[in-house]
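Shown here is one chain on its own, the form predicted alone, set out as structure tokens.
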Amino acid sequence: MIWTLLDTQIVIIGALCAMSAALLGNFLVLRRMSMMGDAISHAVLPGLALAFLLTGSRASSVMLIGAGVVGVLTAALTQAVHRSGGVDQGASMGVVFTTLFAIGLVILERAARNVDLDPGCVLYGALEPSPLNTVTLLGWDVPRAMLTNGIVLLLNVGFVTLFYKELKISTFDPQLATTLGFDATWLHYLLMTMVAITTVVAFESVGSVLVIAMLIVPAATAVLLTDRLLGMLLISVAVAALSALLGHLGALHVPGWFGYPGVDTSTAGMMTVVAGGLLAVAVVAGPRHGLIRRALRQLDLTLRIAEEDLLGLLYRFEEAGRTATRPQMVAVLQQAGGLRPWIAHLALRRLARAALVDDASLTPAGRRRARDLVGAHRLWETYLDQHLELPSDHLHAPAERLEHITTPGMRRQLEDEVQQPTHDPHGRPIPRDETSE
């Protein structure tokens, strides 16, 4: 397909809408209020209906005022039900927004039957034809949706910039905000007002249902990629803009992949699909919290424990005047720790690279490290025997876990607690820590 000016305008409108929603969505996610966007997007219906009935106008400014009032009312009623009734926050949202949504439907049904409302537009948006509805600005024909969404984005950027410090403190520690001299409650309601305005403006572009995804998914993606608020804001906005571009490209080309050449689909819907895909990528490949990173950290921990177990095993073999072969070490480690053979072989290779093991024997550096581990193990057995009075055959397993987390400082405290013993409860000598000699 040939890319036209209309396609560019569709992407820009979608990006402006998605970025304005994502910017505020960060604070909803961090405040554990992700469904507040859903609640407000449904609850503003009576505000829209009453604004039309009182003014007889469907102008954007009138609709925004009605939505803003009901958005704040939704937040206030949710907090009131949550606090006064002791109802869960999520249940409070459900009670309030379903009630207000039902009231809005009744008002529309009884008093505004002749109002031209397209349910499909409200639910799924009308992003593709939005560039055709233009207004003249400085002699240029500008799509109305581009102008309104651009203004809302600027308002949201101004709001976050102006109240960045207050939003940061009240989001992570509302009590500290009060201590510093400003009430977090009014900022909460101001945030809800901005969410309501953003949601209503997004009706025309991505619909009341899909705007919820734009509020939450880019922010949730950013949470997986960074732990800093500023970085989270920037990443979420970038994800939102990328979702708009890739979403429109997907709407144009994806149907053809499934045997429907020349057919396109909803850009707004595909934007949400792309945002969900980016979230899935962050879940799997995130640099800190991704599944791959977590699996690698778990593998590294498993290998470290296996290496220390191997060092301890070799030390005990030397202590008994025995020698060990690689197959013996692998078999013993597999039986004792339930590890797979490849883990033991990989641990041996890492020990060899670190010059702690030479073939199946300890090097001087490996012997010092092994002596520290075995010494910590036997100190823990002594401690557990003296303080918990465990049976002698129950001392090894907990001591084997604790030896891997014992620092030099902890070892010195252990020695003081058990009064500097020379032998463990089984009569085996406790090697001294060379750093304390």
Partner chain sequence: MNDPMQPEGLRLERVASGAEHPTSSPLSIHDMTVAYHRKPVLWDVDYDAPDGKLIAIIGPNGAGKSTLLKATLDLIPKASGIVTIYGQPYHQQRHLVGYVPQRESVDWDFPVNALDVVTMGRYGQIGWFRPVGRRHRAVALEALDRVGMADYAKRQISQLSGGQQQRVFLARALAQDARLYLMDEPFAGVDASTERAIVEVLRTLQRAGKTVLVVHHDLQTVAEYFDAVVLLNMRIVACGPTADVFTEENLRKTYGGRLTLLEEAANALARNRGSRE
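Given the structure is predicted, the values throughout are model-derived calculations rather than measurements. Residue numbers count along the first chain shown, from 1.
In what follows, reference is made to the form predicted together with the partner chain, a form of this protein that is not presented.
For the three residues D300, A344 and P408, a heavy atom within 4.5 Å of the partner chain turns up in the predicted bound form in no case.
Partner contacts here mean any heavy atom within 4.5 Å of the partner chain in the predicted bound form, and among 193 to 201, 290 to 298, 228 to 236, 363 to 371 they occur only in 228 to 236. Put simply, of T134, T265, T178, T98 only one has a heavy atom within 4.5 Å of the partner chain in the predicted bound form, and it is T178. Of the listed positions (I169, V72, A126, I216), a single one reaches within 4.5 angstroms of the partner chain by any non-hydrogen atom in the predicted bound form, namely I169. Contact between H387 and the partner chain in the predicted bound form is not found at the 4.5 Å heavy atom cutoff.
The closest heavy atom approach of W186 to the partner chain in the predicted bound form falls within 4.5 Å. Although the partner is absent here, L30 sits close enough that one of its heavy atoms falls within 4.5 Å of the partner chain in the predicted bound form. Interface membership of F317, defined by any non-hydrogen atom within 4.5 Å of the partner chain in the predicted bound form, is ruled out. The partner is not shown here, and in the predicted bound form the stretch 357 to 394 never reaches within 4.5 angstroms of the partner chain through any heavy atom.
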